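The data below hold one chain only, encoded as structure tokens and taken in the form predicted on its own.
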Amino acid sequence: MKTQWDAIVIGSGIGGLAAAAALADADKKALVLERHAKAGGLTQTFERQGFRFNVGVHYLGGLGEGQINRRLFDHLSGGRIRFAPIPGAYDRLHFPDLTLDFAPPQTALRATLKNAFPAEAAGIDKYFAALADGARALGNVFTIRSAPWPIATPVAWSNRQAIERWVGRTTWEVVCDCTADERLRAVLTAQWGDYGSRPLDGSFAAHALVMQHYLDGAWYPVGGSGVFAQELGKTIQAAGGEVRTSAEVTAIRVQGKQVAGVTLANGEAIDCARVISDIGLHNTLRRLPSSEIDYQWMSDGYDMQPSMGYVGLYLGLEGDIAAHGADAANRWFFDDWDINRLWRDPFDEPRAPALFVSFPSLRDPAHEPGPARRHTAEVVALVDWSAFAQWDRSDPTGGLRPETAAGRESYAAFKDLLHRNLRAQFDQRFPGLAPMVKMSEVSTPISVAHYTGAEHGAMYGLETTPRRFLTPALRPRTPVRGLYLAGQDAGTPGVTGAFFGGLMAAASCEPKLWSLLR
């Protein structure tokens, strides 16, 4: 029997799952189509030798009791997704001669910074005031993008100067206005890996929103990030919807500027007048017939580049890791005070200038270490895509993996080099943990692109620059009738940003859902 779907969602990242679950809350049946064999996008998990690893979730903010993020997750999952607070510091920054803990509440963090930089108290206060203003300005941008024009127009008019000041300037520009101390500038912008653009390039408003996100503390999903697909999938199915894996959408069919449905890689055509895309703007444009695409929308969309990719090292350990240097805080290691350095060419630069290390098993109350006291560590280094372009299947000048033996051999050799480099850096930073490592595996932007379809293996969708947040190309409602954008490109970087991107797409599709976001 043919099922009549109220909407088709392309991609099962957190944005697509949120959109489908929100539609289910409105008694709509959504079909979620996922190219990979496992749902979840960058929230999925994988196992090796009995160790379970997260792909892209390390901590979440804004999940205190009564906060909107917590309320929405509870509502759409029926309270089945639980979050555990990370005790103490959620981030610990390690510079050559300074280590600082970022821990709630905000007053304590301000005091920590002022103790480290006693001559910069005024600049620190100015910075925190800018965080509040910047986050508010970006919130207004999303109101303008998604609300009906009688609401959006006065918001745009009354907030134009604030948007220009906070969204239209880079993080580095704003922080330089707050302080002339280069070391303090580095400390205030060190966590740019949370949103994927260097301070020199990224919109300050994106930085502000993410930093504000954690001022009341950080949380971790109990049971690991796989619970998002598991529990939101139950909500989708309870309303008659479906999450279908190994179902790659190769084309979005359009007739007369109106969505007509999708076509799968196996040739199956599924009709539907409403389609929500959670695969990023560029991937969406590539699946549309060129004759049906608004030229200005396409031009604005392709004018933006993907955000940073990353190399990940996944470690399985046995023993009492807490007694040998590990704890629940995320650790950020920097070799020097040049915070804008990027790992551009691992061939010639064997050491990553910045390293992010987390121990997810220590923050998950559901983790059972067993008699061997098994734990996990995840190491991340942001890297420029150019080092991996030669193995990109979609690049006509590359395509070496896995089509040719030479491509497979060269890629394997490069991964081995990355593996050895990152492992050596981890062992140096945590000498007490080095003997406890029982398994290790490395991933690259090529791995992320292969499993998730993310362009260039980008972890945060499109670049998080002022251009990205000021463009009209990333509205949830597209120029093609019945086609909507969800996820990070429609929202902001990270899990909760993509989650809200999905909710805005669902509400644009089904207006009564706007009440969820009030």
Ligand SMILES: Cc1cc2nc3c(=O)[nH]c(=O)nc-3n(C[C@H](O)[C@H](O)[C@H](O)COP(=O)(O)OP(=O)(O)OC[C@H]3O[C@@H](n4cnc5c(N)ncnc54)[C@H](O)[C@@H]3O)c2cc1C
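Sequential numbering from 1, following the sequence displayed. Remember, it's a predicted structure, so these values are computed and weren't measured experimentally.
Omitted here: the form predicted in complex with the ligand. The next part is about that form.
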*Tyr451: heavy atom within 4.5 Å of the ligand in the predicted complex?*
yes
*Give a yes/no on whether Ala206 approaches the ligand to within 4.5 Å in the predicted complex, heavy atoms considered.*
no
*Quick one: is Ile14 in contact with the ligand in the predicted complex, heavy atoms, 4.5 Å cut-off?*
yes
*4.5 angstroms heavy atom contact with the ligand in the predicted complex for Ala21*: no
*Could you tell me which one of Leu483, Leu462, Val55, Leu31 places a heavy atom within 4.5 Å of the ligand in the predicted complex?*
Val55
_Contact residue in the predicted complex, chosen from Tyr127, Phe359, Phe388, Tyr310 - any heavy atom within 4.5 Å of the ligand_ = Tyr310
*Hey, of 473-481, 66-74, 36-44, 23-31, which bit sits against the ligand in the predicted complex at 4.5 Å between non-hydrogen atoms?*
36-44
_For the stretch 58-80, I need every residue with any heavy atom inside 4.5 Å of the ligand in the predicted complex, listed N to C._
His58, Tyr59, Leu60
